[in-house]
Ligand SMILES: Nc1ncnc2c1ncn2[C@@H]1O[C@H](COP(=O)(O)OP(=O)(O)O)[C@@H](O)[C@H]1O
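Next up is one chain by itself, shown in structure tokens, the form predicted on its own.
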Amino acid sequence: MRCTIETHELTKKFALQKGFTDFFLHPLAKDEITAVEEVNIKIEKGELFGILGPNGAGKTTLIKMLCTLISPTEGTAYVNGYDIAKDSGKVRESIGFITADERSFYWRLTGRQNLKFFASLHNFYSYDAEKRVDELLSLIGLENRADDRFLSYSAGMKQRMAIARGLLNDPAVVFMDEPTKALDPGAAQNLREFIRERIVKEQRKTVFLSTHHLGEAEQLCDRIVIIDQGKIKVIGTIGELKSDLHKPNPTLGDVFVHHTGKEFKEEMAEHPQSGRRRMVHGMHGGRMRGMRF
């Protein structure tokens, strides 16, 4: 299998909740928003693939579909050879999902206790769980703080724990949604080096990265896709995208503006649809040693 991730016309539409007046005047009208529209991408094994887009472009929606957290409206996608609709359980078994907004840890438990609990969800018990947890604590450089309560951890330490949790099942594909968002510049840089050197180069995992940092995309990604209003605008290596502009010393910001008509803004919120109307949708069933970030 050459492509680890492959999508075909992948589309997601959300129903919009109607106000009383809209419902009364147009009871049969179907009111919806298209968050992702006919996306076609192919990502090879061991590739670090980045996705960029303005606020509300559909980046997180695309990731959630590929992780089987929400169902597509149309089209198909395969992750590790499994259909995200028909084989959602197998997809989840073979992926890791890491986000900057990790709220599922138990704050009164220690870091080690948290990882052992989540290991049990992957059917790791007793000696196997302890061995895997110890490996990951060493990998992320938290072995000396493993028995401290999670609530005492800094933002960078909590993010390291999120990474360890995402790697518990030794996934072939790791999805990262803005993993450096809550980190200071030094910690973020260390994390980027960790992702490139340990997760991609050494472990040969495929990484699908959503980021709001142009420098991060340039430093890490083998290829990127720029998405706007749910549609792919361009896809390729950083060098290819810059050379297509035919201008002296183009930047990735220039590429972004050229294809979207919008200035790139660092660390934008992903969900702008929280005003007049609310989107309604259903959920789908179910180191380097001593590295500090």
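Numbering starts at 1 and runs along the sequence shown. Quantities reported herein were computed from a predicted structural model and do not represent experimental measurements.
Separately, the form predicted together with the named molecule exists; it is not shown, and the next lines address it.
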| property | result |
| --- | --- |
| The single option of I226, A57, V39, V255 touching the named molecule in the predicted bound form, heavy atom within 4.5 Å | A57 |
| is_contact(T68, the named molecule) in the predicted bound form, heavy atom dist at most 4.5 Å | no |
| I235, heavy atom within 4.5 angstroms of the named molecule in the predicted bound form | no |
| 4.5 angstroms heavy atom contact with the named molecule in the predicted bound form for I33 | yes |
| One stretch from 255-263, 57-65, 235-243, 39-47 that, in the predicted bound form, holds residues within 4.5 Å of the named molecule by heavy atom | 57-65 |
